[in-house]
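Taking the form predicted alone, here's one chain by itself in structure tokens.
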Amino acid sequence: MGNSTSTPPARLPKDFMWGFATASFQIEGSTDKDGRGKSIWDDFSRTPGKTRDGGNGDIATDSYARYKEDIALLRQYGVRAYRFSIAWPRIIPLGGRADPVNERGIQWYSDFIDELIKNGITPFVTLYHWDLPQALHERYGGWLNREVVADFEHYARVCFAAFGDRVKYWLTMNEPWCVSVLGYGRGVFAPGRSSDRARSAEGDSSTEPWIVAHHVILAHASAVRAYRESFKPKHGGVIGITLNGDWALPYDDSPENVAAAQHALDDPIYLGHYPDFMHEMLGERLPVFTPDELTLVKGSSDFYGMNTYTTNLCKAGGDDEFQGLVEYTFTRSNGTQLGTQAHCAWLQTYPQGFRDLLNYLYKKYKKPIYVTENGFAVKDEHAMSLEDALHDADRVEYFRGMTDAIARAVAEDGVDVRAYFPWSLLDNFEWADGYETRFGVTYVDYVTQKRYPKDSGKFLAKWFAENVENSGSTTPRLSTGGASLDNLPTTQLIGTWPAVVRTRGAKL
């Protein structure tokens, strides 16, 4: 595989899905509407000091109330699909398998799905994007307790039964590594547990992240088994998990640094077991799968769900288990940087790494790849004027490189990539960063809630109109104003545990 050249790649196949991705807590708001229960992020984000700018999810981008406007915006961009998540506490406010189901929550998502389909947009649904019902955390410790596995499977079954006739693409979990390490190790995400007593009064960072990860994996696999046995025969859809992980390059050719980079690229979902280096690092603290659980977990994804943003240079050493005892840097040995720096310290542009990662994952696991997140936060965009923010040249540069990389991986390298969902449709609540960090291809004025397409959104709309077979070459017409929207498993996570410690949205 060679580096990208100036020769245009072949077009993507006509059934290639592209769209944008969002998450329920980051955009919906309306946290007290229509019977929704609390999630662990509700009070956590309202607690002083937990988000960089003091922001919370009470309003977000008001998308619960404005969903038809947002779908109209998606249609104007010309997307084929939309990845969104369902809020568990909207479906089962108290979370558990013996608790009442909220029919108003089911009706809202049903109406949302119908509106997408009416506009020719394929729904791509995530069941869990970090908003655990607060009641389960209070009842038995949430992800720390094995009870959560059965409760999640029940919640998944409710969703499959309610929406499976129209939803054919399912993700169980978004980024188990973030759930486990950031929520129960570093304590920077809800529920904020950590051994750092300056950050949390409760928690044990040496054991809890691994217990949580174990339960998340089992909850995922149990939901997949339920879907395959009870729903797939009738609905005919596909289901998997999405893992966060970035390409890892050795800092140099030394054996220890080469090994350090490899640690970032193995995961138990697809291997069917924990990587050897995790056993070596954690010893008895690493939970053990029973033989039946190993059978349940192995092969529990119909595809490789891939959230990836950047590339890291890896050096062996350090004492941070959450990074696999590996140090990460963007600075090469000659002092140069890998690429353009984003607003987030963990993110630089490096499109060749994206192409390399696609090749690695496909050759290793032989599964079709769905790129479920990929995006860039422009440095200091939150402090720019509207006019300057809309001309997001660094984000356009990022997506120009990434779209070229994905097209070449498919056309020249033979990688089976089925979908690409840039993060994100809208600027939104970016977890521990609050509203300071903006990933959207659409600018959101948080005072008026008006949406303004950025140059990056227009670039992507044009690129996919021109580079997917038989999709037509007409560029969708996008309004430049916000007044009328109508006119307008490398991976780190669970299996790359230590790998790229991309603390997305995390204030460390």
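Numbering starts at 1 and follows the sequence shown. Since we're looking at a predicted model, the values are computed, not measured.
From this point on, the text means the form predicted in complex with a small molecule, which you will not see here.
Comparing 92-100, 428-436, 392-400, 217-225 against the small molecule in the predicted complex, the single stretch with non-hydrogen atoms within 4.5 angstroms of it is 428-436. Scanning 31, 26, 456, 45 against the small molecule in the predicted complex with a 4.5 Å heavy atom cut-off leaves one residue, 26. Note on contacts: among 274, 370, 155, 130, the single residue with a heavy atom within 4.5 Å of the small molecule in the predicted complex is 130. Residue contact check for residue 349: none of its heavy atoms lie within 4.5 Å of the small molecule in the predicted complex. Put simply, residue 178 is close to the small molecule in the predicted complex: some heavy atom of it is within 4.5 Å. The small molecule is not shown here, and in the predicted complex it never comes within 4.5 Å of any heavy atom of residue 184. A residue is said to contact a partner when one of its heavy atoms sits within 4.5 Å of a partner heavy atom; residue 189 meets this definition for the small molecule in the predicted complex.
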